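Next comes just one chain, in structure tokens: the form predicted on its own.
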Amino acid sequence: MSTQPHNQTWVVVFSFTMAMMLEMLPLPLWAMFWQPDWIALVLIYWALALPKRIGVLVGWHIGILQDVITDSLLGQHAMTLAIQAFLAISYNRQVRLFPLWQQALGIFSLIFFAQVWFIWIRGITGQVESDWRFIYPAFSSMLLWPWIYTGLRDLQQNYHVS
């Protein structure tokens, strides 16, 4: 039996696939505004856990795929996810020392930044937003972070992803 950790890339791909599926899940109108940013949560986790493997380029590629899937302006999600991956990697050592509730506050700020970016892009393209519902995904993502973190960490440890 080998003592070397296994390179289980399929676990990372599976988690991104599940996040994409959750992103496309049809929701009732009241719940659409509260939908967490599943893809960003998974990307941030893997960028914190595997900063040498999951980074800006992976964020960019996943974002382009998300742009195509959600039929949004090409590059909108790509730029946001690339920046979020960069910030997660840049502050990797500090964030990993924080308790989960403080990490969740950081997640709120990253998702809030993404939502402000999307509002700005929609404003430029003539799609005016008139209410504060854009902040709801940041709250729901913040509340889900402890479970996402714990679930993906357990998956990483069980399958020896390194």
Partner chain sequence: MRVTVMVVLSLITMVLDHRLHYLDNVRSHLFVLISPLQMLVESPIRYANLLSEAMTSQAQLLHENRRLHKNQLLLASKLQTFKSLEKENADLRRLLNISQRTAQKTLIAEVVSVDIDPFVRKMLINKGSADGVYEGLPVLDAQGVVGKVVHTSVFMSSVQLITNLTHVLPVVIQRNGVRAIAEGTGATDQLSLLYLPDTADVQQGDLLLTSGLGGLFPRGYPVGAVASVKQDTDLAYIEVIVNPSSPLDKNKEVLLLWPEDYFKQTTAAVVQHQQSEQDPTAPVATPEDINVNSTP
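Just so we're clear, the structure is a prediction, and the values are computed from it rather than from any experiment. Positions refer to the first chain, counted from 1.
What follows is about the form predicted in complex with the partner chain, which we do not show.
Contact check for P26: a non-hydrogen atom falls within 4.5 Å of the partner chain in the predicted complex. Taking non-hydrogen atoms only, L97 never approaches the partner chain to within 4.5 angstroms in the predicted complex.
Contact check for W60: a non-hydrogen atom falls within 4.5 Å of the partner chain in the predicted complex. At the 4.5 Å threshold, heavy atoms of T70 reach the partner chain in the predicted complex. At a distance of at most 4.5 angstroms from the partner chain in the predicted complex, all three residues T17, F86 and R133 contribute at least one non-hydrogen atom.
Contacts of stretch 72 to 102 with the partner chain in the predicted complex, defined by any heavy atom lying within 4.5 Å, are made by S72, L73, L74, G75, Q76, A78, M79, A82, I83, F86, listed in sequence order.
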